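Below sits a lone chain in structure tokens, taken as the form predicted on its own.
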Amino acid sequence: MSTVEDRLAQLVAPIEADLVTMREVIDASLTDESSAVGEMTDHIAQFRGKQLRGSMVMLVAKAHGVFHADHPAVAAVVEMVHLATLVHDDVLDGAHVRRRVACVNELWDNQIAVLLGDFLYARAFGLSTELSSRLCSSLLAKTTQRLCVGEIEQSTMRHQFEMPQATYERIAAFKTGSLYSAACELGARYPGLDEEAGASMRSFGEEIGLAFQIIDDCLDVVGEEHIVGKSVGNDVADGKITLPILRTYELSDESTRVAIRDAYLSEGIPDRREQLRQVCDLEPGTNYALARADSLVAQAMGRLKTLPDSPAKHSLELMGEFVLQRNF
């Protein structure tokens, strides 16, 4: 099997030069005369990771034959919004590590992390207003609203062990799927083109994004930090009930359900995830969640069938495989 780096390089090969442009736009947008801000933006440059959302903007555009000179900047806006969500998410989750380096809230504090996230949002939307079409600003404004609603609803649903799966998926689609969805829609529609293609790619992105979140939720309960590259067990510590837990709880007898609830709710447990792993068998629930992610990716792949063959289309097909096979 090829390494993660090899697979990612293969995936982004059709847009390699465009990614360079996107990164240059991001670097220019995050430059600030404040030395304090500069130190922080230099630090979070290490969080950029795979940049899948920005890549999808440009891959979708090329696969549809509508690549526009603004698309690298559109991709940069999407990535900057994503970067802002990472900084804020680490505060919400009480995370310590991301991309194997200290989170902003760990290295500085929560107040600074919140303000830095706000700074990133402001710079992202400032850049979007300089583009030749308002579509990017309009669509991403709605998307950030959905992101916030998803996070708010997830926070209000803590310790809901009998939450319907549809509710979990709606929240996950808002908090993660929505930015993937917007990225793909902008790729197909920007600067205001085919709305039908945009709708199809909006669904494609949401399905890929929801699958990504489900995989992430599985890694949070069964992954290892040194492999995943970020803090794990945060969802359990914060009382968030994700799909692998929902299914595990549903399959359990009452005594095991009591033990699961105790792992989340009893006081004085230093490592709630480890306690959870000791009191129940997470494998059936995790396998169920992984199968759901696989189903979502299959749905997404079906939306690519009408596209003409091209290197960009092939990369979008690889994206589904990449999401399912990731362990980080």
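Don't overthink the numbering: it's just position in the shown sequence, from 1. Rigid core: the largest C-alpha set superposing within 1.5 Å between the two forms. As the structure is a computational prediction, the values presented were derived from the model and not from experiment.
What comes next is about the form predicted together with a further copy of the same chain, which does not appear here.
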In the predicted bound form, the one of Val101, Leu251, Ile152, Leu107 near a further copy of the same chain [non-hydrogen atom within 4.5 angstroms]: Ile152
Sole residue of Leu193, Leu115, Ala199, Val258 within 4.5 Å of a further copy of the same chain in the predicted bound form, by heavy atom: Leu115
Residue contact check: Ser128 to a further copy of the same chain in the predicted bound form, 4.5 Å heavy atom: yes
Contact of Met40 with a further copy of the same chain in the predicted bound form (heavy atom, 4.5 Å): yes
Interface membership of His159, a further copy of the same chain in the predicted bound form, 4.5 Å heavy atom rule: no
a further copy of the same chain contact in the predicted bound form: Ser203, any heavy atom under 4.5 Å: no
Segment that reaches a further copy of the same chain in the predicted bound form - one of 44-52, 26-34, 58-66, 286-294, heavy atoms within 4.5 Å: 26-34
Site check Arg277, Leu282 and Gln325: each within 4.5 Å of a further copy of the same chain in the predicted bound form by heavy atom: no
Residues within stretch 112-147 having a non-hydrogen atom within 4.5 Å of a further copy of the same chain in the predicted bound form: Ile112, Val114, Leu115, Leu116, Asp118, Phe119, Tyr121, Ala122, Arg123, Phe125, Gly126, Ser128, Thr129, Glu130, Leu131, Ser132, Ser133, Arg134, Ser137, Ser138, Ala141, Thr144, Gln145
CA of Tyr249, rigid core aligned, shift of 2 Å or more between this form and the one not shown: no
Cα displacement of Met157 between this form and the one not shown reaching 2 Å, rigid core superposed: no
Core-superposed C-alpha of Ala141 shifting 2 Å or more between this form and the one not shown: no
